[in-house]
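Quick heads-up: it's one chain on its own, the form predicted on its own, in structure tokens.
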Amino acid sequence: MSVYQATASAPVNIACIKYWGKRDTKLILPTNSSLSVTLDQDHLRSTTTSRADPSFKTDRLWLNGKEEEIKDVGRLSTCIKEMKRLRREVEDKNPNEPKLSTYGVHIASKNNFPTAAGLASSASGFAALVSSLAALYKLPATPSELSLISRQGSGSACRSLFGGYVAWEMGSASDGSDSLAIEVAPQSHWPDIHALICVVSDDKKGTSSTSGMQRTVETSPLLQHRIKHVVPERMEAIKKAILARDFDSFARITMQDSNQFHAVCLDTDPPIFYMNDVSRTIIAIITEYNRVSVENGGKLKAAYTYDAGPNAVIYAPKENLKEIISLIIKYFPQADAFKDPFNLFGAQGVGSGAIVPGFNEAVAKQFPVGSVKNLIHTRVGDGPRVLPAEEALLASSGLPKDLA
């Protein structure tokens, strides 16, 4: 008896030019283009196994061991139907192919990081779902073509179909056929960009991104200015910065866009607050760190960015991470020892952190232990991976291994 199964993993991406607002909520067509950095899957990923079998009566999905309802017109259902449609095209061209498009599918997915905590879990999740179904169905589709489908699950998921530096071009067609992801530069073009994720809260957000962005579209005059005048110029400028490996320009644009995204949330009626005191203090620390560099004849050394949540992502060239981590730990003491995946600190570890020469300590007060719950040091990474059979999440019964 043949087993039709495939497992894939997909990365998290963190936007430098933010997507906020839909012009079509069903197709998830954005009001502006966006651009992101794909992070290393060795640290942050979603893994998904899909199996098609004639004995499966319905499509079923488990996320982190818990079964999720696949609603008829919901986003999961849309993505699965679209992937089955592409499989049917393969079967129509080659009548000898098994009719997998007619079988039910069982899908198991897990994240190795908190879900719905502002770490773009839906982006990596839908990218992994589409990638595993593409492998299962042996589809000849390109990552950009698959991004058209993952976008309908979660907008930013389309950017997780590539590694490196990725643009989601908003497109203009009403059917969404040109609203897709393209690779600006692969991971190998600028591999020494690292990221420090400061997990301020892993709680579910008070205002979900979906409802928040619709309220912004309906009520914020600043958003309209951003869409028409600001984002198109920034997209071109940041692409140039990436291609030139110009961190100073990349950092400036990234911080400006994060600030404007949160200004647009504040301009929403009633206002939306995603950042908190810890988030704002991290901005003050990075601003002061950059000031010291610039006033001594250097360039910007780090860039903060915040999605729809309080967690900070700090981008910087690898050589600056040791100083940045020391600074963050100085102001935000950690309950547990810092996990040092790149062995920056050697056997002695980080200790209680340190200030760089010339840094004005008074820019922030020290917070209590646990104010930043976790620090994740990662870097720019690759796109989705098809994994070997032994990494499958489904048991021979067709149920998740952790339930079987």
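All values reported here derive from a predicted model rather than from experimental measurement. The numbering used is simple: start at 1 and walk along the sequence shown.
We do not show the form predicted together with a small molecule, though everything after this point is about it.
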Can you tell me if residue 213 lies within 4.5 angstroms of the small molecule in the predicted complex, counting non-hydrogen atoms only? yes
Decide whether residue 190 counts as a contact residue for the small molecule in the predicted complex under a heavy atom distance cut-off of 4.5 Å.
no
Partner proximity in the predicted complex: residue 155 to the small molecule, non-hydrogen atom cutoff 4.5 Å: yes
Practice task
Would you please decide whether residue 261 lies within 4.5 angstroms of the small molecule in the predicted complex, comparing each non-hydrogen atom pair?
Solution key: yes
Among 243 to 251, 175 to 183, 327 to 335, 202 to 210, the stretch whose residues bring a heavy atom within 4.5 Å of the small molecule in the predicted complex is 202 to 210
Students should find that, of 234, 84, 75, 194, the residue having a non-hydrogen atom no more than 4.5 angstroms from the small molecule in the predicted complex is 75
Students should find that, of 101, 293, 122, 220, the residue having a non-hydrogen atom no more than 4.5 angstroms from the small molecule in the predicted complex is 122
| query | Can we say 106, 134 and 386 each have a non-hydrogen atom within 4.5 Å of the small molecule in the predicted complex? | reply | no
